[in-house]
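The chain that follows stands alone, in the form predicted on its own, written as structure tokens.
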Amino acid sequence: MNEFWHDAGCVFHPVSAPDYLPLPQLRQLQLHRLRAVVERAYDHVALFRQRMDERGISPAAVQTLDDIARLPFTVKVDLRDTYPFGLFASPMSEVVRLHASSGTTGKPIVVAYTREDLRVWAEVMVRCFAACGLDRGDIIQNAYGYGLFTGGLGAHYGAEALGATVIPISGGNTDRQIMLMKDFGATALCCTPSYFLRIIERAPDLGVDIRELPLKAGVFGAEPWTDEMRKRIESAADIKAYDIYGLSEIIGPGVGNECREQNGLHIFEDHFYPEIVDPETLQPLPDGCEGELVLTTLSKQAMPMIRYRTRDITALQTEPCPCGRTIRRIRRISRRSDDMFIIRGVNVYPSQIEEALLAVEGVAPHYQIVLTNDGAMDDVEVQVEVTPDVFSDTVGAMEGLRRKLSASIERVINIRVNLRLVEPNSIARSEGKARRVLDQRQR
């Protein structure tokens, strides 16, 4: 790769990419874009203008990057309350694409793109794939869902712009996924990590050894996953498993990605400005402190997002990365503030339970957390699949494993849970995002 991304050739040169800008130049670019996007949102988005006016500030108040803390937050309910087009800053004559979330409480969340927005989206996806060591000549099988979900088309156009060969298979049909992966010689796969586990599990039934395929990289996202899950995937498939980060409200996949160091996700902060705030007080936190990630789009035209609260818990890492990128990293996201549930007064995250389970040999990476109550007190049961060899072992061995798992969970979350070992393949598999928590509590 010896040219930087440009419109004419749609190719990429990592050395001159914005990932490697000298920090003073990057900060100058961020401030220029921040001031422009705040002015655009103020002029064209009624909700943002109203909130700015309530604070008694105008776009001219943004003189430094630190002034971003004076701006109002945006939250997911704002997108629902203004459904469908109330947050658009561009006329429909300039909007060339709409995407939408599935929406679990009625109306979906709608996001929009101008032609320039799509160009930026392709650019950051190119930078994601390049960070994973992918290039033209690679064959990328895209098993993210196409349609209104942003994952499929976001990865598709980025992979094409990279110069790679794209297999636009979309999600589902696991047997066909494995067949084409083998027959077409896919070198990279894009999907959720939980779905790749399903592929790994199914492949031997079809006489396919994933480890013998040309597959060398997985670009996995759309759900939280732990380092323990990464180790299981890399060991079982003999690939490098990379974490990609994004959300529809900001642009889709491509907000950030791990490089080959796999030590945090580089945020493409020339387009997406990151902050970490205390999720309770909403006060900005210093680099290195854990809190809620807040993102501001610096170049989005159709639907700029100012200080969007992602609900994702992480921390900014500012120490230099050996890869040479100057853009900051966030620690891998394994939990969200709205994923938390409270059991007997203790805050518990599903990722904590996953970490505890996968630290013990003899369990498969498939589990479900079932929340119940008896009318007075909440309770939690963790159902976890055991491997076939353990399931066929003695009752004593099974009971010993159950005790080990219970103790491992208690060490992590400081409460005892009901733990039930279940037979292989008994927990429902997902072809998209895994559903880890089943809340059966009576409200």
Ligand code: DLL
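When you see a residue number, it is the position in the sequence shown, counting from 1. From a predicted model like this one, the values you see are computed outputs, not experimental measurements.
Only in words, not in the display: the form predicted in complex with this ligand, which the text now covers.
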{"query": "Heavy atom within 4.5 Å of this ligand in the predicted bound form - residue from Glu123, Asp270, Asp138, Asp312", "finding": "Asp312"}
{"query": "This ligand: the contacting residue among Glu275, Glu223, Glu94, Glu160 in the predicted bound form [heavy atom, 4.5 Å]", "finding": "Glu223"}
{"query": "Partner-proximal stretch of 164-172, 86-94, 331-339, 127-135 relative to this ligand in the predicted bound form, 4.5 angstroms, heavy atom", "finding": "331-339"}
{"query": "Heavy atom of Gly218 within 4.5 Å of this ligand in the predicted bound form", "finding": "no"}
{"query": "Residue contact check: Ser248 to this ligand in the predicted bound form, 4.5 Å heavy atom", "finding": "yes"}
{"query": "Contact label in the predicted bound form: Phe149 to this ligand, heavy atom within 4.5 Å", "finding": "yes"}
{"query": "Ile244 within 4.5 Å of this ligand in the predicted bound form, heavy atoms", "finding": "yes"}
{"query": "Within 4.5 Å of this ligand in the predicted bound form: residues from 400-438 (heavy atom criterion)", "finding": "Lys433"}
